[in-house]
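One chain follows as structure tokens, the form predicted on its own.
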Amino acid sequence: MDQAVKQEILDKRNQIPKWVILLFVALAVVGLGFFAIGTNGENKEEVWQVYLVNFIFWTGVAQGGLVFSCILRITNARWGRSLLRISEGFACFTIISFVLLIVLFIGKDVLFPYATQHYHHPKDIWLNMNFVMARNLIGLAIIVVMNYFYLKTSLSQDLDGKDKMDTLKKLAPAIIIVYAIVFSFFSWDFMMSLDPHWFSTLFGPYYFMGSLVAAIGLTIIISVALKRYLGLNEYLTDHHYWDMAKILQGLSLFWVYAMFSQFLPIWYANMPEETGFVIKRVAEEPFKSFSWAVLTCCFIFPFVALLPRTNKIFTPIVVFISAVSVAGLWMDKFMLIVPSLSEGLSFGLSHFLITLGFVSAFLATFLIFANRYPLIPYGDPFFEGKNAYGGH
């Protein structure tokens, strides 16, 4: 590696102003304060629901970023090396997520119907509250530990100059497998089981693949912002965003396929007991219009908008499309959770501030990571320097 390039990348550290990080920390504290106040108020059910929505979404995005890095490692994708470290940085939030999961279980009697009601055997065995808490806490703890070793190994290639590709290639598949298992538990326990009559063996992949799509969209948004502020134009080129946009478009198509495939068995197997979940969301207001907004933001708009090549390489357009997609995937979690627990649709100041708190906490943890470690993995054997594009 050219020593001048190495030094230039190292000099990019500590360039993000401390006040920006402190601002996000302060906003996170404000969100936490409004959450604490709301849990003791008249609308505590709604406060806990928006907390659950944000926990599910931002934890999925955080791990989805690291999974994207693992995919790049496994496939030897030279083209995406410059984006690899940015997506890895998302995983720092999973440490916060572990604490947030403990807090989530404090509100179990308000949030989870199965905490106070009996469903039916054998569901009562699987949804035993102690079993639910144990498997999810242990699963997320395993993910946090694996993330630590993966990030430490990845960073050692830059900071210690050691070739760790063999170790990373062993860790990457393991992380993806554990991600699929643990986040399937999350989807079953924290979303699907809120409705006692809803069953879907595809719900786990629908959730964790949606989280991966959101992580890719957020990687595009944050990398463009860092590219402009830190002067990374020679490392993040139009070619990178062309391919990232194609991945976002393709996975948006997979997302809608996974969604539709869950509804097909209800129709061809004639399972009327499951239609209530669907009808409430697609045929009854106020959720009907909201569901169409989700479909538009997550699939129709990004798929159509990304058809022209120009829209894939003009970064303001790519960022806007990615932002719409990420917002739609957050709305998707809202639509999966809230109608199972509430008859109406509301979003007030406390909902906004709690959501802002989660966004700020996520960005604060990422920026702390970005300020401390090199954002371009110059020690990676497949990194080829400035203005390099290694193809696929």
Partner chain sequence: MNTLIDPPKNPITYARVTEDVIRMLDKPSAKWWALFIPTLMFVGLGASCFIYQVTTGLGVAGYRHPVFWGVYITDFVFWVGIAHSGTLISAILFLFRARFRMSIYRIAEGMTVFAVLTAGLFPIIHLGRPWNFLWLIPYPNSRELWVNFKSPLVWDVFAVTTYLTVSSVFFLIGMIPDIAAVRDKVKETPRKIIYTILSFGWKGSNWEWLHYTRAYLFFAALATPLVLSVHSVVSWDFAMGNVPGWHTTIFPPYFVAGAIFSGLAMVITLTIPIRKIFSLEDYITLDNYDGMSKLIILTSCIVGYAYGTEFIMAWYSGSPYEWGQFVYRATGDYALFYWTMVICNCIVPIALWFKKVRRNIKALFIISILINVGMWFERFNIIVISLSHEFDPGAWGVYKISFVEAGITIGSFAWFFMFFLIFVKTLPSISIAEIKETLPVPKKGGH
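Positions refer to the first chain, counted from 1. It should be emphasised that the depicted structure is a prediction, and the values quoted were computed from it without experimental measurement.
The form predicted in complex with its partner chain exists for this protein as well; it is not shown, and the discussion that follows is about that form.
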| field | Close approach of residue 243 to its partner chain in the predicted bound form, 4.5 Å, heavy atom | value | yes
| Taking 4.5 angstroms as the cut-off for heavy atoms, does residue 274 touch its partner chain in the predicted bound form? | yes
| request: Please run the contact check for residue 381 against its partner chain in the predicted bound form: heavy atoms, 4.5 angstroms, yes or no? | output: yes
| query | Is residue 99 close to its partner chain in the predicted bound form, meaning a heavy atom pair under 4.5 Å apart or at it? | reply | no
| message | Is it the case in the predicted bound form that 34, 38 and 95 each bring at least one heavy atom within 4.5 Å of its partner chain? | response | no
| task | Tell me, please, which stretch of 139-147, 205-213, 152-160, 219-227 lies within 4.5 angstroms of its partner chain in the predicted bound form when heavy atoms are compared? | result | 205-213
| task | Heavy atom within 4.5 Å of its partner chain in the predicted bound form: which of 237, 311, 262, 249 fits that? Just give me the one. | result | 262
| query | Which residue among 299, 186, 198, 287 has a heavy atom within 4.5 angstroms of its partner chain in the predicted bound form? | reply | 198
| message | For a quick check, can you give me the residues of 173-189 that have a heavy atom within 4.5 Å of its partner chain in the predicted bound form? | response | 173, 177, 180, 184, 188
